[in-house]
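Below are two forms of the same protein chain, given as structure tokens: structure 1, then structure 2.
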Structure 1
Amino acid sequence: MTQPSPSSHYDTLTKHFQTISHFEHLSALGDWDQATMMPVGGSAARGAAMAELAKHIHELKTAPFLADTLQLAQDEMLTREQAANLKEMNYQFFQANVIPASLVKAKTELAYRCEHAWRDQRKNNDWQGFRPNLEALMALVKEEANIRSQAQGLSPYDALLNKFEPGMTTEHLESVFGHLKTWLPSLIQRVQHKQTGEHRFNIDSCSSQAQETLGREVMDFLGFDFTQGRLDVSSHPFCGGVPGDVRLTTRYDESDFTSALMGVIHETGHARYEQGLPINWRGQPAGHARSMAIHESQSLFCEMQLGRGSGFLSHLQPQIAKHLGSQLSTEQLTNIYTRVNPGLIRVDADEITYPCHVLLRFEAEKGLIDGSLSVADLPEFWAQQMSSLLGVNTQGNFKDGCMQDIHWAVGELGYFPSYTLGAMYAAQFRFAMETSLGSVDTLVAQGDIAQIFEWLEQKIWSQGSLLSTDELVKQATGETLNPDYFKRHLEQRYLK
């Protein structure tokens, strides 16, 4: 690699990370295309090309000159924002270098085999088949956690959390989730008791095309810029692409439009965050989204704070009627989208019961990493927790129990808390913006949605990773994470 003659070490670094970003652009394109466009015959060559690309990106992120240059740049005169960018560069360098290549390779290969087998094992409720794979994979995850722990001076589980939520600790999560545990189960019961409205409706079948037209109109209402992104179809909805070209996907169920519609609203939240990241920092680590929880806060803001609110649904109702020929009233739509129904599956859970699924996984992951829970005891632990948190029975039902998520099957621990942190941040942002904008629900009902997104753009999106999560949230709302807002939101929506 030839070095340019830079005016500073920091400049050398920005050029290098810009180069990395160009290759990551191609990686995002390859991923998106694979999920949406690629015919099956393309898969072997694509797999090989993507592996080559990943290897090249890893080489760039571990380039030998980086260690010294990152060190030397620390002593240069930098603006506050440049210093933040340098911090993120250090973080990326650390992430790419901390785990020895041999362990990365072993874990990647085992995770690939474990996931592949899991797809069938889950279908067949085959816990005995899955268990040894998961045990072998957990051993490598623990090894990873220990290496990260030593390098960062964090506990092993904190080190895993920090892959997704820099700065988050088990202690903090225990306090937040502990608080949640004191009121959520009883709230669920009260809501179920109170919930009397009709909840089964005849939903006429709607063509994918009509649903897509509606979806695009809703995206447009939510301010999605189609000159900077696309909507397509994939079997697992996601939001990909790059900031100037954000590509979200959904899947259509022609017998029930409600799921794809809310899915599009959710992904549009992710997409607007990406579209709103600071243009001046594009291609630099500081220009990336802050964390998984903040990302999820934006999708859940769209889905939960806006999308399932009656103001939004009253605005949507005529559009649904027009495009889908649906007879559902705003009240009926609200009943559908705020129905509380404790169930076995996390991804199908409603807004109130969802955090219970996360609580359970958080407790399990802590135990798996600190050794207080063995893989063998996982199903029993799962059944007890599901029973006590949600009153549902998963005894013997592994496929809808501890085998339901892909995360563990690929050896990814530490991610689950981000979902509920995101829901909490979303509520906190809404209450904060209401101090200046007034009721969000009222604004949305009037179609007056632009200022809501201006608030998010100014306070969250345009900040990229220039601030830590705590700084970001404090600057936006006056305080760091405060789960009371989430409670208030749920009480307002479900008990009023």
Structure 2
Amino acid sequence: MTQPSPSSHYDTLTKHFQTISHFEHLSALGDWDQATMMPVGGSAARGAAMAELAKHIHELKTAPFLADTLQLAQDEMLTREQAANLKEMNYQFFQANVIPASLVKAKTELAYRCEHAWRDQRKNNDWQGFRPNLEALMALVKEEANIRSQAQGLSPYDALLNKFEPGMTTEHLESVFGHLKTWLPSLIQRVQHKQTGEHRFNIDSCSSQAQETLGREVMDFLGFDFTQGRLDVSSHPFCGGVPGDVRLTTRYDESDFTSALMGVIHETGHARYEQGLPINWRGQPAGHARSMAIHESQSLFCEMQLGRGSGFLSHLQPQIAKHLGSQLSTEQLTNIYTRVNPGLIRVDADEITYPCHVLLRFEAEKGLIDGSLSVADLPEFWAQQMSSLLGVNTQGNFKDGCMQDIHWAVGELGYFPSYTLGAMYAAQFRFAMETSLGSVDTLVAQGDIAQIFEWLEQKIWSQGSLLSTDELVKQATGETLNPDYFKRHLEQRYLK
């Protein structure tokens, strides 16, 4: 990959954005520590410090000299990669410049307070305690959305989507998700009917320590570099940090190892993407992950395309027996990990019902931003949607209903669609990969996982943000997003 050549205005920009990257590194570690190790009493001081750091990063991204320097750099002789980096600099500058620093600080500080309170409020099913916090935070989110909307000529919700999925619109999502709704409900019913009468296997209890040992071994198999990352525990699994210092977390249930194990595999997919981003572009906008949906495609590729496949589970079964003392066979593990069972919790959902959780949140977010849905009415809306989409009851169960996710508690709206878009991209990547490598499931069963990750590194990871999402996907698969591959994958796995 071509290194940037000397260029006065462009060089000034690269140095400045490298400085921003260093502060973002520290911010990421603060977020990780807050979620994993920070004592309860540190919340107020940490929130204030993180708000101050966010304000400083925002000021760096909106420094007065940037507007002219970005414009002048457009006229310099740049390589294709440099031009792509400059484009991403302009994108970051624009995204940051429309929001006043005072709003950035206020939202960050309130989000820290809201998220910290949410931890206990969720445990205690305390909707009345959480509601005023969420209402205050949503007021700031709507203020941000309106500012971004006016600056970009987009609807307020499109402006929030654009933070995570550049170029994505509500109209496009409604088309993609509308098509999904035409076949997904019937597929869920067909698969549930097919699985009627299947034996339900008991899962032995096992310690968190044993599960962690197994998880680390699986991460090794998946190629995670522990010299540039670590695994910890948090209330909500995530992958954070920066490419050279990746932080993963999971949560353990000693009565059921299956969720934590798949959680580790999922977050390792995120981590492999981060560790595989182009080293020559670290600290530069072009070296970042392309979008949240592409990021989710990598975690879901690991979890769904690989992890829940019989080939991967046949490779994993001896390790599960060794570390956890489980007597489950490969066939039984496959049964467990492909069981379709509509439930309350998004992060524990099977891959067929999971999109329904996203559809609900997509509709809720649109309503919260355009004012057609109030925070006060959110629990009832949630109950109606869960009953309609999945036939489950959440009346009065706030902790497993509208309080279950961390995203709204930290003021992030526009992210949820990325999960299902990511599942669609993951399926499309797998089918494209198999045209040259053959069956992915067979390769994994044989322990030959290196070819799979080499394909991903060449086609996806090493590209960073040098290409747009559509360009990246088309270059890798020959076409832009095609949701039919997702349907094909589900039918292949669940109806064969």
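So that the term is clear: the rigid core is the largest set of C-alpha atoms that superpose within 1.5 Å between two forms. Counting starts at 1 and follows the sequence of structure 1. For clarity, every value in this text was computed on a predicted model and none was experimentally measured.
> Which number belongs to the form predicted on its own, 1 or 2?
Form predicted on its own: structure 2.
> So, superposing on the core, is the move of Leu378 at the CA at least 2 angstroms between the two structures?
Shift at Leu378: 2 Å or more after core fit.
> Taking the rigid core as the frame, does Pro64 move its C-alpha by 2 Å or more between the two structures?
The answer is no, as the C-alpha of Pro64 shifts between the two structures by less than 2 Å after core alignment.
> When the rigid core is used for the superposition, does Ser387 move between the two structures (threshold: C-alpha shift of 2 Å or more)?
Yes, its C-alpha moves 2 Å or more.
> Where the rigid core has been superposed, how far does the Cα of Val347 end up moving between the two structures, given in Å?
C-alpha shift for Val347: 2.8 Å.
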